[in-house]
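One chain comes next, on its own, written out as structure tokens in the form predicted on its own.
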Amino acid sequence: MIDATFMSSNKANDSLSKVVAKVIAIDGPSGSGKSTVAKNLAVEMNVLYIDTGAMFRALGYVFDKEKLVIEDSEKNRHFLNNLKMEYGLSESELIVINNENLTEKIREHHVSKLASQISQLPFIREYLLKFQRSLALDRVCVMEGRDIGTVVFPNSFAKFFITASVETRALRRLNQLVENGDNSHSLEQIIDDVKKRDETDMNREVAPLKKADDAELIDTTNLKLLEITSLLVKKIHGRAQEFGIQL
């Protein structure tokens, strides 16, 4: 894991042309399995794993905790600019804000809605865009989210759009909640939530969820994790060889 603390800087943007070819972009809707796939790829290939969704979840959680209305305002901009955000301090500290470890808290079901709401604000996306690019400076990484291949790193050397049926994604989410001790949701409720999240993410004005034209579509509905990982590793090695990237 990488110990990285965000500080406002143009270094990441100035160096963008140096790092885009080293990013493996994993995009897809909620519950598609992209996080699990990205984590496994990072371990298998011994490269940095970056979960951008965790960043939006963390900010949504913090704004809600501080009782801030999720909107563009001077108060919110000031609050954001004074945050200390850290990523990847250890395996158990994926995302830390103002010294509070939010790694487990951001997986609570209600945080999904907060993340979707806050991701629609341009100043939030600009803030995290700089942070995400700063993490990927001069290193090969697997970065997953909803707009990695289209906005954050449009020149990634390898791009994949991971998806699955709504029912499959909802069942995965429900199982995840149950494993974490939350038995308060029905499958029907989760299916409805997944559909609403998709609608919001695909139709937001800023960086909507969509497949990049040059991304390869991977449907995980009927695939097992090992099958997906093996498939993508082969494809990534082929792309890396094509671009002369050392893995």
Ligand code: DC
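All residue numbers refer to positions in the sequence shown, first residue = 1. Since the structure is predicted, the reported quantities are computational estimates derived from the model, not experimental observations.
There is another form of the same protein, the form predicted in complex with 2'-deoxycytidine-5'-monophosphate (DC); it is not shown, and what comes next is about it.
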Triplet 33, 159 and 219 all within 4.5 Å of 2'-deoxycytidine-5'-monophosphate (DC) in the predicted complex via a heavy atom: no
Contact test in the predicted complex: residue 60 vs 2'-deoxycytidine-5'-monophosphate (DC), heavy atoms, 4.5 Å: no
Contact of residue 52 with 2'-deoxycytidine-5'-monophosphate (DC) in the predicted complex (heavy atom, 4.5 Å): yes
Touches 2'-deoxycytidine-5'-monophosphate (DC) in the predicted complex: residue 96 (any heavy atom, 4.5 Å): no
2'-deoxycytidine-5'-monophosphate (DC) contact in the predicted complex: residue 107, any heavy atom under 4.5 Å: yes
Partner-proximal stretch of 74-82, 133-141, 116-124, 161-169 relative to 2'-deoxycytidine-5'-monophosphate (DC) in the predicted complex, 4.5 angstroms, heavy atom: 116-124
Sequence-ordered residues of 198-212 touching 2'-deoxycytidine-5'-monophosphate (DC) in the predicted complex, heavy atom within 4.5 Å: 201, 204
